[in-house]
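Subsequent text provides structure tokens for two forms of one protein chain, presented individually as structure 1 and structure 2.
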Structure 1
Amino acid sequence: MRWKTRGVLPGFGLSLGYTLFYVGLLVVLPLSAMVIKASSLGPSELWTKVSDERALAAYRLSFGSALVGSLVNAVFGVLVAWVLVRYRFPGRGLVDALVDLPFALPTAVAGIALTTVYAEHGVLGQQLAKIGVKVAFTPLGVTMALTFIGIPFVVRTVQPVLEEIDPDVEEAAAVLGATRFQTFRRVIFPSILPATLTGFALAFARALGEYGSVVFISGNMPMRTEITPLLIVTKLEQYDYAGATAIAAVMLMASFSLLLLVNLLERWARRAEA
């Protein structure tokens, strides 16, 4: 195995050392400390901390809402990317910029804005309340907030792939007698599937750790609208450091597994393109 390669930046040894130091100090060391703290608990105590009724309710809400929000983004994110790539219309640049707004907007601001709009006396909340739909301070509100912060991941992952698809391929399929649905299913969808799965996984991982945009619209009711990150903060405020660390370790394992999945999907995408 060759460890030393020539590149644009000289000093492989120094660069590698700085990289390892930087990653180790900012990423590996804090996460390792958390894992060590969690492992200091006995197996029975650790299991009790991570599997009590309140924690299980928070897991269900966090993972369930993140999954639903990511699935919604996987569908409509592809649609938004398709419109931005294939059509030219007035205001396209504005729409393209709005897609990135959840990246730039402070999550607390997003949570306040969503709560203002979807509360019972909000602009949309009033209309939804007339048909018996309540968004703010319900699991539906949590799902909406997680959908809001996840949409850019799908759009920005799928958009470059759509831009690389030659429209002549679609025209050739149409000339050969394929319908629009057949063209999408057999030509376009196989090309964007790896990118869509990657965007879905990224949105799902981001939603699992979301706090600011959810804490306002959820209402933070234990056993009903309390997400896992909020439960961790609550335990820290109650000086239950062991419980907070144990639950955080569970979320760390979930996030690491998702990132591993993303890397596998990206590798699969590169092989598919080759």
Structure 2
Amino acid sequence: MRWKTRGVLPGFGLSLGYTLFYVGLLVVLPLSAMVIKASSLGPSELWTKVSDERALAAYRLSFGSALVGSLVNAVFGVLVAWVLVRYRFPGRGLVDALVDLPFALPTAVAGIALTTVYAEHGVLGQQLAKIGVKVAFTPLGVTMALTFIGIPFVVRTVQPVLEEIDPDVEEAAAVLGATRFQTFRRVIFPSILPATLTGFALAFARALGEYGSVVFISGNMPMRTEITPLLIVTKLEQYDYAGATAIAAVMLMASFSLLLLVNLLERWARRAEA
């Protein structure tokens, strides 16, 4: 076992063997089956399937609303993390625990609940309808759902970094005459930027593939409120396996690029910390 470089505890062979077996059977085999299926289509057929008008509209909606949703989360995630780390107020522990709700709540439950809240007669939908904003069954509704499921990512990546910032640095800035806002912009913000971007990319990746919480609030109108994962499901229901696989391959490529980006960002964050 030349490639084991460190570690004296027993069990290397067993845990390596079992992990590789399980990962291979459950992850690598199924995913490569999909990649092989997609590449067996041939370039021109693949291209027609992934670039028809309905698919393009679905990509636009998925990427656009995921982008807006995770941008909202980047801003408010930093705000929530800041408030949770820096201030003491009644119910702080409860709020901190609730941030993880989108992780634990099944997406279908989130979907029907968001639809009920933002439907025309819903608690908040009613108020928004008065000022002429329609949420349910519009791209805005899709964005709201994608914002919901992305909430924990930025908060949970920024929170530990904010906790680690040495108060001396902020005091030094204040002594040197910086205003509180200048200290935030020039001292605190640069140190939480890598974590914020990581959280943003994670939220974006999650939003891109999200299905359950969106299908109820979007109304699923082709060309208008049909997200890409739903298009895959629709094609599957029509037994168009080739079409579904082709579009899934596009989505998979997008998620892998994002995963790569997240890894690079995390490496950058670690270097910034060191």
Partner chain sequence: MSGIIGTRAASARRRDSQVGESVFVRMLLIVMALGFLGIFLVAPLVTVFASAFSQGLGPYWAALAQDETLDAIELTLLTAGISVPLNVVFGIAAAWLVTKYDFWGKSVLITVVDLPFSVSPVISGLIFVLLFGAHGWFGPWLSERDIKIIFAVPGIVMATTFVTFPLVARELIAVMHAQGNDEEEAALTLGAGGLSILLRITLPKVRWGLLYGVILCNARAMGEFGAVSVVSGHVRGLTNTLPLQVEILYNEYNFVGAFAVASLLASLALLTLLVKKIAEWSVSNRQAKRDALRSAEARPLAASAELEGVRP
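Numbering runs along the sequence of structure 1, starting at 1. Definition used throughout: the rigid core is the maximal C-alpha set that superposes within 1.5 Å between two forms. Just so we're clear, the structure is a prediction, and the values are computed from it rather than from any experiment.
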Report summary line: Check against labels, form predicted alone ends up as structure 1
Query raised in the report: After the core is overlaid between structures 1 and 2, has the C-alpha of residue 257 moved by 2 angstroms or more?
Result: no
Report summary line: Expressed in angstrom, the C-alpha movement of residue 18 between structures 1 and 2 on a rigid core superposition is 2.5
